[in-house]
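Here you get one chain, nothing else, as structure tokens; it is the form predicted on its own.
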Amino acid sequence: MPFQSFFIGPQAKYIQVDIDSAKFGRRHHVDVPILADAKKTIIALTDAIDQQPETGWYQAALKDKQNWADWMKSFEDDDETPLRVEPVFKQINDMATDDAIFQVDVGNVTINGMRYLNTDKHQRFTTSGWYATMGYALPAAIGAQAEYPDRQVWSISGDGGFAMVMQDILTQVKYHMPIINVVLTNESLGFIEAEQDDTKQPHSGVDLIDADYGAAAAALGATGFEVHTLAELKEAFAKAKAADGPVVIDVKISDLRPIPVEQLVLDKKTQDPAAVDAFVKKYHAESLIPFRQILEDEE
């Protein structure tokens, strides 16, 4: 957990379970090292403990999670333009096979991939967030398709990351790899833009110009689509199912930052009402309920 110093109390005790003893204490002091398989260890611990009664806090947490899931799902058929990301990921999830491999680039797309991809069943998801490796998804998809030629493989990128490596569509074409490449074009290095906002810096070096990546992909020999509306999005994904070889679907999305859950401004009882109103309006968060309120209702 590379970001543990931000989220875990300094007095917390650490138990590290690993099959490689050389990794004990690599990131943090370990109070109890266990040389074992993590899954087997969790099962053994679960079998050894007593079931605890459900608390009001636990029930509130479940309702809070459901409120969040319902809020995200409410935008899946939103037809505003530029498009939100939820309709795009709905199309991806609907088209994905049970053993699909998702290679997700770095930036806002990483957050959105973690939130919206239904990576259950036997699907796999990789990214390279800790190293900020923009341009990761497309070449990672090539590697995945080469290793697993019979599985469906996706690359999902922002326009910044895709533009850095898009020439490798030629590799996909050359080896006739049926990779589905989705580009989320917001004409910005959105994650860096958000960091600059949070640290009160002026925007610098984050603006990108638009391009028709679908047409560019077609010029490289792939099947390409440029998408602006919900109807065009559905049409592109329907045609992508029948495509022969690699596909690039360039979706023009809003530059709206993924809602920053680490700094939600939703509770008028504990936060500035004007700031709450501005935050709710910006992120269309009217149906998100403050956890404090849910917890009070449970108690």
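The first residue of the shown sequence is 1; numbering continues from there. Keep in mind that this is a model prediction, so the values were computed, not measured.
Missing here is the form predicted in complex with a small molecule; even so, the following discussion is about that form.
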#### Entry: Among the candidates Thr133, Thr126, Thr171, Thr119, the residue which, in the predicted complex, approaches the small molecule to within 4.5 Å (heavy atoms)
Thr133
### Query
What is the one choice in Gly214, Gly113, Pro87, Gly161 with a heavy atom within 4.5 Å of the small molecule in the predicted complex?
Gly161
### Query
So, in the predicted complex, is Gly190 in contact with the small molecule at a 4.5 angstroms heavy atom limit?
yes
### Message
Given that the small molecule is not shown alongside this chain, does Ala218 nevertheless sit within 4.5 Å of it in the predicted complex, heavy atom to heavy atom?
### Response
no
### Task
Tell me, yes or no, whether Met72 is in contact with the small molecule in the predicted complex, where a contact means a heavy atom of each within 4.5 Å.
no
### Task
Answer with yes or no whether Val106 is in contact with the small molecule in the predicted complex, where contact means some heavy atom within 4.5 Å.
yes
### Message
Tell me which stretch of 72-80, 138-146, 151-159, 196-204 has a heavy atom within 4.5 angstroms of the small molecule in the predicted complex.
### Response
151-159
